[in-house]
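Just the one chain here, the form predicted alone, laid out as structure tokens.
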């Protein structure tokens, strides 16, 4: 039976099912020029002695520089370094421009703010088909509590830790006949929102403010001058709106003031009050980051932004400079 033709494209796609970290490998060429490239082929080889490897295409312009380098550094990128990854994956530009390199044990460039860094002595190079496999001995390393950038199915991805056991919110999470249970996305979003802002309500109660007042002050802290109609377009998705009685109350509390043409803006007291609310919300967020981890929170934010984008009923852009006055 004739062997089926090997499909390189399908092979590449299948390999993409394996999620990898993203690294930048750096070295110094014999002429003193810094070289660097993005690679996701990095892997560990041995703990004793500490050995790691990565591979480089034989067609790469940096092959000679890495072959002759006595040392090279591996930088495991953090989620904030996607642009840096793109820069080092490109050709024809000064990749190190604007980077404040740090001193290492060798002359190989050392990039800051990474999840982890491994400074290596180049020990063995193996032929690996259309690639060269570089094995290095780790002579120094460091790590920061920064969530790593990962790559999966041809695009960047984010990681979120999965507990060994499923998280159950109730002792008996079985679905009732209506199939409304704790796994319903709307329930999870709503409950997490109200639980997270539960402490905010104590602050609002102390100031005799309603939820609609909190939302209005928050919007006016960004969009500085609005009519009531414009303000309510920003509040529509919350189910709240500002009416004549609310306006009179906020004016009486010296939180907002009326300008010409029925336009309102925050007073200094109103801005200070809104900034106090924002500071409280940020403090709650920092506590969540400490509990959940920055990587999980960043992944959550990304998913929520995608969800908001998909369900947006056409709300005005709150942070649009065009709308800011």
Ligand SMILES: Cc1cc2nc3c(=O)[nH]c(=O)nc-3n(C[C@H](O)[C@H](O)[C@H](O)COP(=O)(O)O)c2cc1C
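Positions refer to the first chain, counted from 1. Everything numeric here is computed off the predicted structure, so don't read it as measured data.
The same protein also has a form predicted together with the named molecule, omitted here; what follows describes it.
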Any idea which of 35 to 43, 263 to 271, 295 to 303, 280 to 288 reaches within 4.5 Å of the named molecule in the predicted complex, heavy atoms considered? 35 to 43
Using a 4.5 Å heavy atom cut-off, state whether residue 162 contacts the named molecule in the predicted complex. no
Using 4.5 Å between non-hydrogen atoms, is residue 60 touching the named molecule in the predicted complex? yes
In the predicted complex, does residue 193 come within 4.5 Å of the named molecule, counting heavy atoms only? no
Heavy atom to heavy atom, is residue 55 within 4.5 Å of the named molecule in the predicted complex? yes
Is every one of 89, 95 and 151 within 4.5 Å of the named molecule in the predicted complex, counting heavy atoms? yes
The single option of 234, 131, 213, 71 touching the named molecule in the predicted complex, heavy atom within 4.5 Å: 131
